[in-house]
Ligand code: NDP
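For reference, the chain that follows is the form predicted on its own, supplied as structure tokens.
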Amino acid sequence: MTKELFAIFGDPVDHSKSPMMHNYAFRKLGHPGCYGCYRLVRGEELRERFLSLGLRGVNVTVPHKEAAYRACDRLDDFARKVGAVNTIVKREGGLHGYNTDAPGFLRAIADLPGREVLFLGAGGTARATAAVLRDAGYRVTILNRSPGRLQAFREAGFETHTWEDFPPRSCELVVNMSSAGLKDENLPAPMEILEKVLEGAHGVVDVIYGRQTPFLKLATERGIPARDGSEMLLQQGVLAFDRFTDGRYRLEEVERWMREALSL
């Protein structure tokens, strides 16, 4: 039986656990799929690489989620609304784009207290996730180093600030949506801002997974419950797998095998 080929595109991408999760679930469920890792430096080449590699589907990670949006022929309503895609499937009619990051994040924080959320960073993941959290009843504020990426959030009705104009205040849930700490020891905002916003925090989340980032370390030292992006990775992976396989398997089954893969 010919295997369907899948991959994750990003830069950097060698740290990704997505191949392990998807390949394990393919094997356990008996699905003829194979999932690999591909470092994509130039986002504008995403469509060409997808087609030349003969892929059935891809996940897309930083920094190419907005490029993935532009590469698609068709978009589901939510991806169109937020302007960011992290899951692409080749179907009749071309490349179909979806966003599983945001609903995956919502599933991942369902057990955390607090409805006031501060996002540190304003990339594609933040844009999609802010929209789905607001729809679920959260109040989301976005803080970013520079004003450029904040325009889309302002137009969508979110409270936004740069480091220079942010009035420091405590927030219930603080989320690092940036790549700070992924391959370096950088914090997602200046220390004087972080110290203030963490004062009354009920919890912090870093979308980066697989390492204790400086942001997570800072929160842990202050006794604040902290978690990395592993649960978000898992939950968005379950939803992406569902798209890849056209809903052939129960989500509970997929989650079971993917969670087991992450525990190995």
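The first residue of the shown sequence is 1; numbering continues from there. Only a predicted model underlies this, so the values are computations on that prediction, with no experimental measurement involved.
Unshown form predicted together with the ligand; subsequent notes refer to it.
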| query | finding |
| --- | --- |
| Of Val238, Val204, Leu46, Met232, the one that lies within 4.5 Å of the ligand in the predicted bound form (heavy atoms) | Met232 |
| Interface residue in the predicted bound form among Ala130, Ala84, Ala71, Met177, criterion: non-hydrogen atom within 4.5 angstroms of the ligand | Met177 |
| Site check Pro103, Phe119 and Gln212: each within 4.5 Å of the ligand in the predicted bound form by heavy atom | no |
| Residue stretch of 184-192, 71-79, 165-173, 111-119 approaching the ligand in the predicted bound form, non-hydrogen atom distance within 4.5 Å | 184-192 |
| Touches the ligand in the predicted bound form: His64 (any heavy atom, 4.5 Å) | no |
| Proximity of Thr125 to the ligand in the predicted bound form, heavy atoms at 4.5 Å | yes |
| Arg107 within 4.5 Å of the ligand in the predicted bound form, heavy atoms | no |
| Partner contact for Arg149 in the predicted bound form: the ligand, 4.5 angstroms, heavy atom | yes |
